[in-house]
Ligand SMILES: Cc1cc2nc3c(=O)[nH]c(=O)nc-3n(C[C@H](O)[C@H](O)[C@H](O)COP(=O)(O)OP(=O)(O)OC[C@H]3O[C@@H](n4cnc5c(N)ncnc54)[C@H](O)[C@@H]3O)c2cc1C
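Single chain ahead, written as structure tokens, the form predicted alone.
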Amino acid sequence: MTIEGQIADLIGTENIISRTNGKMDELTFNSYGVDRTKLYQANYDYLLFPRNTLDVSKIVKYAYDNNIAIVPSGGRTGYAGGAIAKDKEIVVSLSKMDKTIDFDPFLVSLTVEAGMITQNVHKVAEEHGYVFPVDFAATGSSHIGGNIATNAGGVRVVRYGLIRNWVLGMKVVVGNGEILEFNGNILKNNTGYDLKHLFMGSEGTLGIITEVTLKLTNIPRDTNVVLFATDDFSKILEVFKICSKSPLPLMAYEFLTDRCLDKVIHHLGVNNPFENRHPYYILVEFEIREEKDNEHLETLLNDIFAEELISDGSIAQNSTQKKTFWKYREGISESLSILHTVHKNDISLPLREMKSFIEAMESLLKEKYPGFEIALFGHVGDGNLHLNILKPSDMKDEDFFSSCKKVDPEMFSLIQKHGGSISAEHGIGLLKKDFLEFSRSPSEIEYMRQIKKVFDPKGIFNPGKVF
């Protein structure tokens, strides 16, 4: 019997699609074996759609017994090559596993299948009168399991922290097909190693997350969004210090350069927020809990103006303007990708080192790679920079990416020198595995390899990623 027939016997004929059985067009089929990186082509033959954890277990047990590699497939919104199936692996999509399993009104937790789109997790939480606070531009297409497998951050890390702070428990299938359940609807469980944390950020290399229990929190009563313009990056950091000291809860602190804003205006057709253009823009969101918080906001703005840290500023007057202000920030990735060929890097640095790193990086590009433009934006509040190198219009794609391969190790050396990380929230995947040593010691990497062998003894999960 063929592989297709054997797997069909396990999970049903309707839940397996092969490249040749005509159930799906070639373009759609290939899309399940890639993410948002453009450096690799899909090369696989079987796409599986398990309906529940037991189906996943059957698939993994079959793969284990037959030494077949597996690439877990979520929303494929990553930029590190973590969901690429290029070496005849089986692709396992969790998109049919998107049901709500439980809501606990006492602990205020939500249990869902790992294939639920993150935006739908938000909707279910809100239906129960709460919020799941992890949010980012890709919530409309990313899966909650994939978010956890990459320890996603997003725009409100400065307030709520990374996604691992909001995961109470999970169910996973490990390398021999065994189903493990970590914790659940309890907060306190001091019974040895908390193994679920190993799967957060593991990028599908230890097992497949199938169910998750998430902690929810109260919906903010109201928020206020402020957009600032400034002429120097160091002033962005000074404004952050003032905002951090304010009695107002800081929800988000983002920045973008004029080059990023120009791309968003051109692609999305939004208006320029200010009469004049400025080198840098800051987007700040505060929670407004009661009336006196508006007085705190007024005091805060007066302090910032008094220090002469900003060139211009505007407070969103209504919900529509709030959404417009956020478009300036959240529309950047899409605008850059549509308008340019882009080499993306997601990095983090200590805030005190950020200005000197940017200056060193710009100097490096100017000296060795003239013609390269940088589009910078990010979550300054948590030290996360998104550094995008734009391809010159007169350069061929292959020449551009070849040059970027030379840029990366030089940039990673600068990051290491400034005490940062080569990946803040997108992971390692295929793109950065050769550079892991810039952020992890040889001993750490060896311990991680040994951990993978425990959970995935035959190395069938997402081979070639991270290591």
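Position 1 is the first residue in the sequence shown; the rest follow in order. Because the structure is predicted, anything quoted here is derived from the model rather than measured.
Beyond the structure shown, there is the form predicted in complex with this ligand, which is absent from this document and is the topic of what follows.
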key: Contact label in the predicted bound form: G169 to this ligand, heavy atom within 4.5 Å   = no
key: A149, heavy atom within 4.5 angstroms of this ligand in the predicted bound form   = yes
request  = Examine Y79 and determine whether its closest non-hydrogen atom to this ligand in the predicted bound form is within 4.5 angstroms.
outcome  = yes
request  = Verify the contact flag for A114: yes if a non-hydrogen atom of it lies within 4.5 Å of a non-hydrogen atom of this ligand in the predicted bound form, no if not.
outcome  = yes
Listed range touching this ligand, judged in the predicted bound form by heavy atoms within 4.5 Å, from 45-53, 414-422, 65-73, 399-407 = 65-73
ask   = Within 19-47, which residues have a heavy atom closer than or equal to 4.5 Å from this ligand in the predicted bound form?
value = D35, R36
